[in-house]
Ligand SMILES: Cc1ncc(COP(=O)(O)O)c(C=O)c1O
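Shown below, as structure tokens, is a lone chain in the form predicted on its own; questions about how it binds or moves come after it.
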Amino acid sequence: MQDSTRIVRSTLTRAAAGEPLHPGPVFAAPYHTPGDPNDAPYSYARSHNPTWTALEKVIAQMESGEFAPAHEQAGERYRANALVFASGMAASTAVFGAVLRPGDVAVLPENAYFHTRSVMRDFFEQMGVVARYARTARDAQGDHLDGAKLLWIETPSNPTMDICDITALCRKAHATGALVAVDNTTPTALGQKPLALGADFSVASDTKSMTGHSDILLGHVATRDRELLQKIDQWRTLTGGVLGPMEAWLALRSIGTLPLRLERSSQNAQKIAEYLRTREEVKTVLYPGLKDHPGHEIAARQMQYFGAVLSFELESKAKAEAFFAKVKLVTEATSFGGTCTCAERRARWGGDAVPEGFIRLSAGIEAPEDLIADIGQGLDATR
């Protein structure tokens, strides 16, 4: 089956007369556990929940793909497993916490998601982890792997849309003994499969395009390695960064439309990026779907969709604010990947090394003609 068919069908329950097509949320803290609690499939809600289980199976299926380690026969299928978390940051922190100990070296993108860098600098480095930072573009992190325990990749990077070669970096990292984690938030597991490209962990904030309705907060970690999975599971149980059953159920409801949403939003992002290139008010457009993007060839090889997110630069803060004051169909908000188009001036947060007129835009699923007309009138207002 194609990925879109597989995703839609994976959210259904087992076909049984009288049963609902989709599982409902299970609200429970303790469960009946007579005798040996190890004999019960569920015991306490900080460790597991049936609604999580259903969601984790769907995500794991999405993350799985053809993967052939050098010592195995080509084409052998290795199944992924996934664990859901209360947020993308809870998922990211679980990987750091499960893998890194004082004295270990982690290599991160210097232009990675701001809070990923923050949790490393403000917590793990303070506890003795050594962090090295390098650009995403041109696989620059690969030059800093000597003695590293973990390589953290984000491609496309947020918000500068840099691209790196996941397969090449995984090979280089594994040759030095390092594990590789990929922040896959922007493309989702449908748009890019890091585990199939050689990564040890695929991590994402599923608040964004994965669930796509801008109404729930969650994340996940996926891996093929049972030992690594157990470590992540232990971290989640002990720290309590767990997902509520209602959020898990809403995520299951949303994922069934991911193929349609991601296809439409990616198409819209491509059209918007191409339009922005025609406007003299725009200094730079960053989107891996553009053929002259420095990472386009790599992105085309490792991504099934180029994603909903693009960035562009106007001349100044004042012109960016004039743009937002005029547009009607571009919602000013900080998240991305939702059904409605949203954007923001990223420098207002102070965490990214971007110019004052730098705008990150997430294309929604509206009619592209309407979006482009609205963006055009917004740009007119910057003259």
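Fair warning: this is a prediction, and the values are worked out from it, not measured in the lab. Just count from 1 along the sequence shown to find any residue number.
Keep in mind that the form predicted together with the named molecule is missing from the display, and what follows is about it.
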Subject >> Touches the named molecule in the model of the complex: Gln270 (any heavy atom, 4.5 Å) >> reply: no
**OP:** Using the partner position in the model of the complex, report whether Gln141 sits within 4.5 Å of the named molecule, counting heavy atoms only.
**Re:** no
Original post:
Does the 4.5 Å heavy atom contact test between Gly212 and the named molecule in the model of the complex come out positive?
Top reply: no
Subject >> Gly307: touches the named molecule in the model of the complex, heavy atom cutoff 4.5 angstroms >> reply: no
Subject >> in the model of the complex, segment of 183-191, 221-229, 168-176, 132-140 with a heavy atom within 4.5 Å of the named molecule >> reply: 183-191
Subject >> Residue among Arg261, His293, Lys208, Arg117 with a heavy atom within 4.5 Å of the named molecule in the model of the complex >> reply: Lys208
**OP:** Identify, from the list Glu313, Glu247, Asp200, Glu154, the residue with a heavy atom within 4.5 Å of the named molecule in the model of the complex.
**Re:** Glu154
Subject >> Stretch 299-313: residues contacting the named molecule in the model of the complex, 4.5 Å heavy atom cut-off >> reply: none
